[in-house]
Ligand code: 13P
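In structure tokens, one chain follows: the form predicted alone.
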């Protein structure tokens, strides 16, 4: 039997009142799922907020690495996900590719002990653990500059995984030299050596899109996420993380037009007037949109039935080192 949206919403609300659960929804979720969230935000914000929550179950509406981050920071919580959706960027690197990246740096004369790894939070727990074991830490798009600034004080080469665009953009902001493994030959002279990963959604935005909007609306502001290509970020009026984009656009005068280069669901919720998606196609993250209202209902019902589904499990060693990598970031 199919349920209407209104029926599902009522069923979900009733189960939330009955159970010891907190529903957590990422900014990129579908509107109807996002609206069911008791806690909403970007990936790190969600992990931090759930640390202070005392519910037995966290029902995480997002992608797998985010649910893992909650479990790593709060191992006592039972974290379940309506869909174990995989972030395409996080899938681009695993522990073998990570080890290969370290070897590529060693091959050009950089000793392993002279490498300080930093992983973007958009990575799976096993990669975070590898980084933690090598003395490195996690970063987000909003604190990457702070993290890299601190790391460089150790006088080591930065290995930045998995998003080359974020690594390159931060390097450009700081006046540092970056290089990408497998693309640039001169790794040895670079300050930040990037893994060749990327966000497929943020690659949809192009310089032609900026040209189109500037021509159509003279004086328009262009605001983009640092997962976008560096050439695009160089032409933008503002580059910032999800939370920084929200703040920037909220503070613009209502009459100021702005075109935004990030995921569609977020842009669509920003403000009702003078806000445009910086793309000729709909930049919707397919994995973030896997979770439906019915998935959320069925997940809550499974908890009520005593048979939770899609529970996040992390082995003890991975848990330990991934937590260390996250805590090093949070300490800064």
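Residue numbers count along the first chain shown, from 1. All figures in this text were calculated on a predicted structure; none of them were measured in a lab.
The same protein also exists as the form predicted in complex with 1,3-dihydroxyacetonephosphate (13P); that form is not shown, yet it is the one meant from here on.
Out of the stretches listed (116-124, 209-217, 229-237, 68-76), which one is close to 1,3-dihydroxyacetonephosphate (13P) in the model of the complex, meaning heavy atoms within 4.5 Å?
Within 4.5 Å of the partner lies stretch 116-124.
State yes only if every one of 26, 202 and 242 has a non-hydrogen atom within 4.5 Å of 1,3-dihydroxyacetonephosphate (13P) in the model of the complex; otherwise state no.
All of them do, each having a heavy atom within 4.5 Å of the partner.
Mark residue 225 yes when one of its heavy atoms lies within 4.5 Å of a heavy atom of 1,3-dihydroxyacetonephosphate (13P) in the model of the complex, and no otherwise.
Contact with 1,3-dihydroxyacetonephosphate (13P), yes.
Please run the contact check for residue 43 against 1,3-dihydroxyacetonephosphate (13P) in the model of the complex: heavy atoms, 4.5 angstroms, yes or no?
Judged by the heavy-atom cut-off of 4.5 Å, residue 43 is in contact with 1,3-dihydroxyacetonephosphate (13P) in the model of the complex.
Contact between residue 169 and 1,3-dihydroxyacetonephosphate (13P) in the model of the complex at 4.5 Å, heavy atoms?
The answer is no: residue 169 has no heavy atom within 4.5 Å of 1,3-dihydroxyacetonephosphate (13P).
Does residue 141 reach 1,3-dihydroxyacetonephosphate (13P) in the model of the complex if we count a contact as any heavy atom within 4.5 Å?
Flag for residue 141 set to yes.
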